[in-house]
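This document opens with one chain alone, in structure tokens, the form predicted on its own.
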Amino acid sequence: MTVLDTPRLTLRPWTEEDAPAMHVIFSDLEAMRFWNAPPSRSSDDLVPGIRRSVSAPPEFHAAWAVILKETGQAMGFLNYHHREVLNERLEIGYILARSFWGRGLATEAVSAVLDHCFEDLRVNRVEALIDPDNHASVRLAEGIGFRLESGPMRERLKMPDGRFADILMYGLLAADWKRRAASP
């Protein structure tokens, strides 16, 4: 799997050794508020998911640990999933440790993955499913060129507490990403 570098970040395949750092993120109730997975109770909770992720064929799924170059600290997670090779589309997901919110790091990490998806994987479309109340994620998606295309899609995701959540569908096309990259 590809290692991606940005000015402040390295995105590398996550490993079982990342479980303690990722537990800080995935156990944070506020950070996990919009995820349809329960918060982790220990770093051991994350190991089976990491193993499944690492063993998944990259044509369908890939996941990166987001590392802050300055400190070497794992401070986020980013993936693509639900990839349809025939339809040249996939979905992305991302989460950062709360202490790193508001610094533009998520935008930097997501942009690196989008470059990889559009250039290396040759996808035509990237989707992001976002809870309507996740205003930071909506700002991120819209700020880098995603367009709201559907929603709220009623009761699209089942949440850990058993309720169903409405979701907004955002989409970004390769041609729009390339135009954005070409503009000053």
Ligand SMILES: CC(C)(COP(=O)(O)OP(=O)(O)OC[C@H]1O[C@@H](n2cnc3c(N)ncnc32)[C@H](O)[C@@H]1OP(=O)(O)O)[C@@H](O)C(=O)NCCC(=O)NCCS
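Note that residue numbering begins at 1 and tracks the sequence as displayed. What you are looking at is a predicted structure, and each value in this text was computed from that prediction instead of being measured.
What follows is about the form predicted together with the named molecule, which we do not show.
- Contact with the named molecule in the predicted complex, judged as any non-hydrogen atom within 4.5 angstroms, is confined among 147-155, 28-36, 64-72, 119-127 to 28-36.
- The closest heavy atom approach of H135 to the named molecule in the predicted complex falls within 4.5 Å.
- When contacts are judged by a 4.5 Å heavy atom cut-off, A106 counts as touching the named molecule in the predicted complex.
- With a 4.5 Å cutoff on heavy atoms, R51 does not count as touching the named molecule in the predicted complex; it lies far away.
- Of the heavy atoms in Y94, some are within 4.5 Å of the named molecule in the predicted complex.
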